[in-house]
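Here's a solo chain for you in structure tokens, the form predicted on its own.
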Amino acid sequence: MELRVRFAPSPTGPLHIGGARSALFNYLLAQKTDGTFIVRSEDTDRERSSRESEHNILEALRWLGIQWNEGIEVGGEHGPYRQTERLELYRKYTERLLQSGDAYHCYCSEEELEAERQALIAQGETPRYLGKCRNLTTGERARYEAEGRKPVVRFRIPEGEQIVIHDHVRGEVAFESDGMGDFVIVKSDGIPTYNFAVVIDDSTMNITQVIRGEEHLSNTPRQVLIYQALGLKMPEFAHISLILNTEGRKMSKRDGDTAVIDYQKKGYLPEAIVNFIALLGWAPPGEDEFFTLDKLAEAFSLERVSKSPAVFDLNKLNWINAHYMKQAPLERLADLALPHLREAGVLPEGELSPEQREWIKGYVHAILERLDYMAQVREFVHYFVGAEVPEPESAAAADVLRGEQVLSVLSLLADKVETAKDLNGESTKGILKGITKDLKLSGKLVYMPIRVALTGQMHGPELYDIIPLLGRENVLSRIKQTQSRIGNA
């Protein structure tokens, strides 16, 4: 039997890391088995859902390289793939449950339900619906409707049953039906709730495996009961662990970026994000930690997915991303750096000249060893851009410029830069070596004052990268300013 899996986000915001991991695990399993991966939209929250969010989620999946075989924007024979376009189908299944007695209309008001909830809490019991409308007479229903009450539809939970879930990640998990309470499957406006709609969707789309987050495990017994009441074939389940922050709490916006687009905007590479989230709760069979999508699909299995929570370690993500950046072509990295350099005011909007394109590539190459992600290019512009020299970063840096040899070093540097035919990496190395030779000084007595004179810092990128990228005019301007400061000190 063909494996059919799905990812079914609610389009109420961006694609979060947890959702991306669920999508990835489903995609990998489909790729490994030549199965079908479906993407559909659970858009019944009419107040919060939007086509814009749906589009953003789909674009984030595509950016990660996760493509679906069937679903939204792709089509297929099991559509439509938005829940709001499937309401007639849900109504048909609702009628079946009402006719079989597995569901009933409930007319309880919000106030009545809240009073019942508070009473149960006061008694130390789990809040649940106690079944007031379970066995209404025809007359009682007529009276409620005459009052203008619009009913919801509740599923009738069988009493005294144990619901056992055979989960591919968590093993055998048992739930008791007593204490669950009859739950709403259709709201008073005719819109189905999640637990009902997801069963109909998975069944009619022939889903064979449901792979989703651990937070859905508590919903599963209700869904199992609906499958049983309708006589539908049940999929297999796999509930993957929560993603926690480094302090052991569930990730939230307080921990920083939680959406895929946040990392895209910061200039992370999609292959690094995919590699990183694949390792959140899944252990590869060997020692390797770097995987392409194709390699992940070959290696992935649910048997190696841990039931223990995964920890989102930003340092590990940065390490993985830095690895992939070092493998990437400079042209690609320059494209990723461009928006950040524009934000920093270094480069103009519009078409760039060939010289500007080459400058970006040289700049990225010069600082690549210092980058975890591309937005960090803004942190180094002061080394390479502008005629103004920064103030010395510290008292120690200022002391470097008080050496008796400094004015001689800077004067000779200015002469050599001004007369150099070309100012590139190789010629700059020659200039620096020439200064040490001409003045008979050690490298430290030459290179350190030049670094502080040009950047205000004692450490940073190589001088043979800084000087060509600064350009002749800016180098001479910064030398002149430093000479003036020393002379006025």
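Each residue number is its position in the shown sequence, starting from 1. Model, not experiment: these values are computed from the prediction.
Separately, the form predicted in complex with ligand GLU exists; it is not shown, and the next lines address it.
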So which of Lys416, His168, Arg86, His216 gets a non-hydrogen atom within 4.5 Å of ligand GLU in the predicted complex? His216
Select from the listed residues Tyr104, Tyr194, Phe291, Tyr107 the one whose heavy atoms reach within 4.5 Å of ligand GLU in the predicted complex. Tyr194
Ligand GLU contact at Asn474 in the predicted complex, heavy atom, 4.5 Å: no
Is Ala8 part of the interface with ligand GLU in the predicted complex - any heavy atom within 4.5 Å? yes
Exercise: Met374 in contact with ligand GLU in the predicted complex, heavy atom 4.5 Å: no
Though only this chain appears here, would Glu54 touch ligand GLU in the predicted complex if you measure heavy atom gaps against 4.5 Å? no
For the three residues Glu42, Val198 and Arg212, which mark the spot I'm curious about, does each lie within 4.5 Å of ligand GLU in the predicted complex through at least one heavy atom? yes
